[in-house]
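Have a look below at one chain only, the form predicted alone, in structure tokens format.
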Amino acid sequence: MDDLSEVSDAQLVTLVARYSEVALAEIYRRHGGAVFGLASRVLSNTSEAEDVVQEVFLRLWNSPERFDPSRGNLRSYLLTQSHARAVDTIRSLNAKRRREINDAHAVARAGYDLQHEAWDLVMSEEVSRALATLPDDERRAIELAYFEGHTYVQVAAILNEPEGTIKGRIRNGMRRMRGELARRGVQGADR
């Protein structure tokens, strides 16, 4: 069946379901311009519209059973698909733009300069030195709670000590660390 110009759209879709490339080409010949025209009007971008047309016809090729002739004609079905894909493309592009803008703002807000990085490094070293001056039981409780993220209850279980003892060790250790940091001249350590 080489001449498909007299075959109905519904019959062409049936042939597409049987993997007839000629039938798909005839459907494209009949309706491709309208599908492209709608996508172009919605998107205002030829390249994006061409992608939508390709997606619509590829979808017809992969799932011809989705077309139900009892619900309407093939042109309406394809135009509905084209419109939906075009709107999805606009939404996707807008979401991408929003993500890029948000990422740019996040990078700008996080603009971490060398001076801050150096200050954080110095502070980290000072805290490590102050921590090293503590008795082992206080230092270990603080390390578990603040650097490993455990709760008081978890620290108590790990060290096999009562919760109140752990809270006291952490409180005393933090007080000693503040004093050591203040003695070393670290600003804000006395708060």
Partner chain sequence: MTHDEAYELLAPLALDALDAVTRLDVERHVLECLRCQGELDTLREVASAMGTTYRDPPPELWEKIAGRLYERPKGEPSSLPVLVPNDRIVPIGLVRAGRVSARTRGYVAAVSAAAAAIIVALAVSLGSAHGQIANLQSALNKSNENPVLSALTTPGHQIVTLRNGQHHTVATFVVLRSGQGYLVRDAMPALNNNKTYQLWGIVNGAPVSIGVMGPSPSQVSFTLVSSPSPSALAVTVEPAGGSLKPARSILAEGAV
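For clarity, every value in this text was computed on a predicted model and none was experimentally measured. Rigid core (definition): largest C-alpha set, two forms, superposition within 1.5 Å. Positions refer to the first chain, counted from 1.
There is also a form predicted together with its partner chain; it is not shown, and the following applies to it.
- When contacts are judged by a 4.5 Å heavy atom cut-off, residue 159 does not count as touching its partner chain in the predicted bound form.
- At the 4.5 Å threshold, heavy atoms of residue 50 reach its partner chain in the predicted bound form.
- Its partner chain is not shown here, but in the predicted bound form it comes within 4.5 Å of a heavy atom of residue 33.
- Contact annotation: residue 133 falls outside 4.5 Å of its partner chain in the predicted bound form, judged by heavy atom distances.
- Applying a 4.5 Å heavy atom cutoff to its partner chain in the predicted bound form picks out 150, 151, 152, 167, 170, 171 from 148 to 172, in order along the sequence.
- For residue 58, the Cα coordinates differ by under 2 angstroms between the shown form and the other one after the core has been superposed.
- Once both forms are fitted on their rigid core, the CA atom of residue 150 lies 2 Å or more apart between the shown form and the other one.
- With the core held fixed, residue 48 shows a CA shift below 2 Å between the shown form and the other one.
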